[in-house]
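What follows is a single chain, given as structure tokens, in the form predicted on its own.
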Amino acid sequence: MGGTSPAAASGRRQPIVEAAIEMTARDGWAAVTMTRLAEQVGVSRQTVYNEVGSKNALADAMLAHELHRFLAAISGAFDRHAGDLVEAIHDAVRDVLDLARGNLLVRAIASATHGADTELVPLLTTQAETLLIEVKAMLAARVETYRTGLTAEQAEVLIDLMTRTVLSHVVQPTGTPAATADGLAWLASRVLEEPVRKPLRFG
């Protein structure tokens, strides 16, 4: 009796997180308060606390929200090209970089790294390694479904190279998403054409 269903509670959380992303991009992380979020979303301040907890937890929720969008773009590219890994890589790179161009949170992080908002970056970068591991694990599972001729270690090197290169272009683009995708797809095609046969040695 009374109470709020889990679905209704979940329905309140997303608008709060989205409002926080918009506010961070517009005014900076320091300007984000539970009171301002409550006013923008049209709920009580207590509801904001109940849904997102602390401000640090809100930063984590913001990052998770955006990560989900990027992972969905990557999955879509692999789904469209289930028989062609090079085309899947091309579309995944292009779609991720296209998404990043209009991404409010990415813009806020980029501004923060240039001294505009030093409080936000540590909150987000503390999760960076965990997120990188999550993205790589998802890519490894998708790449494994293709006949690449690569060993597991070689595939891991290719995934690491692609992931880190794309992340660097997300933060500091040096060309169009299409041009970057063309370049990385070409690189992937060369690797897949003639995989190194010697075992890789690390350390």
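All values reported here derive from a predicted model rather than from experimental measurement. Numbering starts at 1 and follows the sequence shown.
Form predicted together with the DNA: not shown, discussed below.
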**Request:** Give a yes or no for residue 164: in the model of the complex, does one of its heavy atoms lie within 4.5 Å of a heavy atom belonging to the DNA?
**Result:** no
**Asked** Is there a heavy atom of residue 13 no more than 4.5 Å from a heavy atom of the DNA in the model of the complex?
**Response** no
**Item:** Proximity of residue 175 to the DNA in the model of the complex, heavy atoms at 4.5 Å
**Value:** no
**Request:** Considering only heavy atoms, tell me if residue 143 and the DNA come within 4.5 Å of each other in the model of the complex.
**Result:** no
**Answer range among 51-59, 65-73, 130-138, 145-153 for contact with the DNA, defined in the model of the complex as heavy atoms within 4.5 Å** = 51-59
**Prompt:** Since the partner is left out here, which residues of 24-62 would have a heavy atom within 4.5 Å of the DNA in the model of the complex?
**Reply:** 32, 33, 34, 35, 42, 43, 44, 45, 46, 47, 49, 50, 53, 54, 55
